[in-house]
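Quick setup: the C-alpha cells below cover two forms of a single protein chain, split into structure 1 and structure 2.
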Structure 1
Amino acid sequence: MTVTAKQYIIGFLGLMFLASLVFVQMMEVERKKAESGKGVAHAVIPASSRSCVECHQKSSPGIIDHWQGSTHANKGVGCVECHKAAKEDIDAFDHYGSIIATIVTPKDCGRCHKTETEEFLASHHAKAGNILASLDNFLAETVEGSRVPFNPHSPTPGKEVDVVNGMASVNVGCRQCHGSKIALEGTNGSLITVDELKPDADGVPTNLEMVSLVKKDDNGRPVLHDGSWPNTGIGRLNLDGSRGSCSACHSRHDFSPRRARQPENCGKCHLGPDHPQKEIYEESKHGVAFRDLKEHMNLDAKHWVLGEDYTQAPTCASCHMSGHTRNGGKVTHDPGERLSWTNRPPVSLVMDTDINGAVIKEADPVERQKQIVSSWQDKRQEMKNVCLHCHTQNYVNAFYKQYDDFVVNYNEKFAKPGVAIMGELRKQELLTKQDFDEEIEWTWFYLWHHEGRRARHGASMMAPDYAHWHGMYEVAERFYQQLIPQAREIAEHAGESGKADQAQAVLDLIDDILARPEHEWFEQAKKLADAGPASVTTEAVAATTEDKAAPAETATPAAGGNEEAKSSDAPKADAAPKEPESEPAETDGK
C-alpha cells in the first residue's frame, strides 16, 4: 500500500471520528433539550398504547405532547401501563377494549416505584388530608361557606342559580393542596368514598352493596363527584385505600424531574399568610443565589446530586429531599426525614418520631425514649449534612443555636402562655363550645397559626424580615394588645354575671404569667400609665424595671455536634388543656 493510500485512509478515519464526535454532541444537546422541555425526546410507543396515542393526538394533543417529552416515553412506558386497571377496581371501565381507570394513585405508581411510594406514604405529605377534621377545614366549610346548600336569596343576572354550593371554598382551596376523599356518585343520590367501599389490601372494594350503587355514564364510566374531582391534593384519600397524589409534585404525563426540583413547584401550596415558605425562600440568600445562578444549576441532570451536579444554591428539594455527596446521592420522598422541629402546631415540638412516623408528645423522659424510632438529633444531622456542602461546621452549628433559641423563646414567652390562657377559659366554661364565634378565638388563631408560624419558618430558612416584622413583632402585638385584654374582659364580664370563681381563676393565671420577668415590662408600663401621663416615659419604665430584670444569658456552649440545644429544645408540658391543632400539609421548619 502506498503512502498516499495510507494518508487517504487515515484522513477518512479521522473524518469519521470527527463526525461521530459531532453526532454524539448533537444527541447530547437534543437529550438535554428534551429533558428541559425545550425539545422532543425520542418516544418509544408500546403496542398496548399505540391506539391511545393516535386517538389522543387528535382529541387532546397536549397530553401526548407532554408524555412524548417524558422519561416514561423514552423507556416505553405508555398510557395503558399507568392507567391499567382490573375489572374489580371500583373506578375501572372498558375504554375501547382496555380496562383503565381515570385516577392513577400511589398504589399504581408503586408497581414500578416501590421505594419512592413507601417513603411518600410514611411522610406528613401523605397525611395532609387529615385537615378534614381540623380548625382550618371548619373555617373553609362553615365560616367561609356552608356544609349544606343554601338559598341564593336574590337572582344572579345572566346566571341561573337556584342553590348555592356552600362547599365551593373548600373544594377550590383547601382540598386542592391538602386533598380530600375522592367520591363517586351513587344512583340513590349518595356519595361513595373509601369509607363505604372498604377496600382490601389490594385496593379491591369489599362492600359489594356499595359497588352496586355506583352511578355510570353512557360509556359505562363511573361518575366522579365534581366536588372531589379534579383533585391533585397531596394527601388525597383515594378509592383504593391509598393516600396521596404523585402528580401533586410530578405534573401528570410528563413527570418532569427538572420542574420538581425548582422552588416554584413547592410554591403551589407552601405560600401565603400561615406558611409562606416560598416567599421566605425568595427573601433568603439561598433564593437570591438561585435566581442569579439558575442557569448553572444543571437542573436537567439525570441524578442531580448536590456536590456533584451543582453547588451554586439550594432549592426546596435540595435541602428536604434530593441526594447529595454525603448520603451517597440517595433521594427521599419523605421531606420530614431532615426536620428537627415541627413548627406546625401552636407550640413547636422536637421531631422525635415513633414507628408510625408520628411526633412523640410523651413528656416523661423514660417513656418517651421507649417510643423513639427516629430522634430529632438524627434528623438534624441529616439536614446538617446538606448544609455542610456550602458552610463550615461552626457556621452550621451557630445557625442552629440561633434557630433553637428563637423557637424556644416563641414557645416559652407566647405559645405556652397562650395555650394555657385559652385552655383555662374553656376549662372555666367562659367560652362557648363553638369555634370562631368569639373574637378571642380569632385572635389566638392569628397569633399561632399565622404570625407564629411565619416567625418560626422565617427563622428556619434564614429570612430575617419574616422572622421579625412579619413574625415575632406581630406575635407580640397580638399577645399584649389583643389576647391579654380580651381574656381579661371575658373574665371581668363573667365576674359581673355571677361567675366570680371562674373569672378569678382566669385572672389569676394571667397575673401569674405577666408576673414573669419576660413580661414584667408590660405590667410596669401599664401601672405607670394608670398613674398618669407624666409618668409614662421610656426612662421611667427603664428605671422601674432595671433592678428587677433577670440577668441576660451570656454563656455560649462551644460549637460542635448537636450540643447547642440539648438544654432547651424539648418543650415543657403545659398543665392547661392543649389547644386543638390544625392539620395542614407539611409546613415544618428545619
Structure 2
Amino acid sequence: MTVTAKQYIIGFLGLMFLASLVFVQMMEVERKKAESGKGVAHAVIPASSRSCVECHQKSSPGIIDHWQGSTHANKGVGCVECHKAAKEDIDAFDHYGSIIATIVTPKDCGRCHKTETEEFLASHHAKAGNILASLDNFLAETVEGSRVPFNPHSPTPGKEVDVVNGMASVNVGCRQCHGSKIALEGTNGSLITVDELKPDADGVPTNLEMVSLVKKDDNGRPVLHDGSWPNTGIGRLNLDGSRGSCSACHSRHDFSPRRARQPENCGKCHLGPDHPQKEIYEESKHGVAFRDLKEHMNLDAKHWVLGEDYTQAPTCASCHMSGHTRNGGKVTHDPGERLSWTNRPPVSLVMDTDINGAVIKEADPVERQKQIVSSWQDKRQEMKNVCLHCHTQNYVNAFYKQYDDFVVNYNEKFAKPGVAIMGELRKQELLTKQDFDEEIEWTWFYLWHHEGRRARHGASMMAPDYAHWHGMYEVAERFYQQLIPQAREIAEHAGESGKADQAQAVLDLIDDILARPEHEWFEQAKKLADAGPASVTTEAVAATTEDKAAPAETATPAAGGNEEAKSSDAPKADAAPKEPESEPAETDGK
C-alpha cells in the first residue's frame, strides 16, 4: 500500500470517526431530552429540614430516600412544612426545637392543596370512617373478635399473654382501609378522640378538661393509642376534626403521582370477595391493555391528561379521577363524581345526590327532584366523556344499556325479593334482633354483600367472569338453594311452635315471589309433578314462544332514568310489589 493511499484511508477513517461522534452527539441530545422530561430531582435540602435529614438519614433512611425523590423535595417542601404543628394542637410536641405532630392530616395537606382536599372531603372516600358502627364493623368487632378484652384460656408457650385484645381484627382489617378514630391515651386510662376534644375550625381542641388528661411519654410526647395508630385508612377520624388520610393513596414520603395513577394503589382496599374491583379491572380489556402498554403510558407526566399525555389504556384513576381533554384536564379527588349507580347497598341505587353528597332515597318523583343537586345522568355524562376518548358514542351508549339491564335484573330478580323476605322474617319476629346469629343472616349477607356486588362491579367494568360465574351464578345459587329453603324452614319451624299466622305470612310472600314469571321455572316442574303429569309440555312451550318478543318490551323502561328511580325505592320498604308486565323466565331454555 502506498503512502498516498494510506493518507486517503486515514482521511476517510477520520471522517468515519467523526460520523461516530456525531452519532454520540445525537445520543447525548436524546438522553438530555429524556432526562429533562423526568424532572430529575436534585438533592437540594431546604435549610428548615437539614437537621431532620441529617439525623433521619441514619435513623430511618427509607423515609429520607423516598422524600428526596418526591416533588416536595424538588420544590423545597421539607419535613417541617408538613409536620409542623401549633403549640395548642393536642398532638403537638417539641422535637429538637421544632413543634411538630406525628400525624399529618388533610387539614395539614389542605394548607397548600386546598382544592384537592375540598374535593376529597366531599367524596364517599372521606366518609369511609363512618362504618365504625355498621354491620361490617359488628362482624369484625363482635363476631370475629370481642368488643371487650378477655383473658386467654391457656398459655401461649414462649410468650406472655395477659389479655386478649378483641379489637385486633378491627384494627388490622377494617380500619386500615376505612380509617381509625385516632385516639390519645388519657392519664386515667380513657381514650381521647375527636369526640371528646371537640376541636374548633382550626383544629384546636375546645374541651380543655380533656386536654389536661392527655398522657405524655418521657420525651413529653402525647401517647397515641396503638389501636388507632399506625393507620392510613382513607376515612380516618383525626384529632383536629378533619376526616381522611391523603397518604391512603399518596403514600408517604414520596407522594408519588406515578404510583397513585396505577391500579395497584387502589388495590390496597378495592379487592377481595366483597368488591374485587382491582381483579375485575385486571380481567377486563382495560387492565390487559394497561399491563401490556404500561411503559408507554407516560406515568411520570406532570398532569397526565388522557388524550394528551397518553391514550394507551385507562387505569382506575383515568376513568374515576384523572383529567382528560374533554374536561380541560381537570382532576377530581371525588371518585364518585363519575358514577351513575351505587352498587354498594343490597339494592343498587342511581346516584342522584343531595346537597351533602348523599344518595337520595326519596321515591316520590317531585320530592326527589327537589333534593337533587347532582343527578345520576350528570355523573354518567362525566364518565362518558372519559369513554369517548377511545369509544364511539353508540358504543358507549350500548355498553351502558347492557350494564343498566344487568343491574336492574339483579335488583328486581334477587335483591328486592331478598330484602322483602328478610324484612318479613324480622317483621314477623321470626328472627332475633341480633345480626349474624342465624344462618339465613349469613346467607343473605353473602348474597348481596359479596356475590351481588361482585356481579354488579363485574358488569360495570367489563369483566365477564366476575359478572357471571363469580357473580350472578352464585347469587342465584345462594337465593334458590339457601335463602328460600332457609326462610321456609324458619317459617315451618315457627308454624310448628304455635306461630301459624306469622309463618303463613312469610310462606305466602315466598310463594308470591316464586310465582313471578322470572322465578316461575324454579318450582313449576315440582308443582306439576304434584298436580299430575298432563300439562307439563304445553306450559313450557308457551313460555318459550313469548321469549322472543319480550326483550324489546323490557328494554324501554330500563333505559329511562325515572323508571329505575321508581324501582329502586327504599330497600326495606319493598313489600313484594306485583309486576305489571309478565316477563318470561329467561332460563327456561336450559
Partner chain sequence: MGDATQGSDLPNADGETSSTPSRRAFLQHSSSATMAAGLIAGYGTLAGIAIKFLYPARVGQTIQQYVCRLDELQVGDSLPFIMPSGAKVVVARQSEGDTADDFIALSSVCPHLGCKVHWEAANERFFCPCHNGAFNAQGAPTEGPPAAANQYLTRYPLAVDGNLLMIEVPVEGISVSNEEASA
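What you see is a predicted model; the values in this text were computed from it and never measured. Whichever C-alpha set is largest while still superposing within 1.5 Å between the two forms counts as the rigid core. When a residue number appears, read it as a position in the sequence of structure 1, where counting begins at 1.
- Between structures 1 and 2, only structure 2 derives from the form predicted in complex with its partner chain.
- Superposition of the core reveals a Cα shift of less than 2 Å for His66 between the two structures.
- The Cα position of Ala525 changes by 2.9 Å between the two structures once both are aligned on the rigid core.
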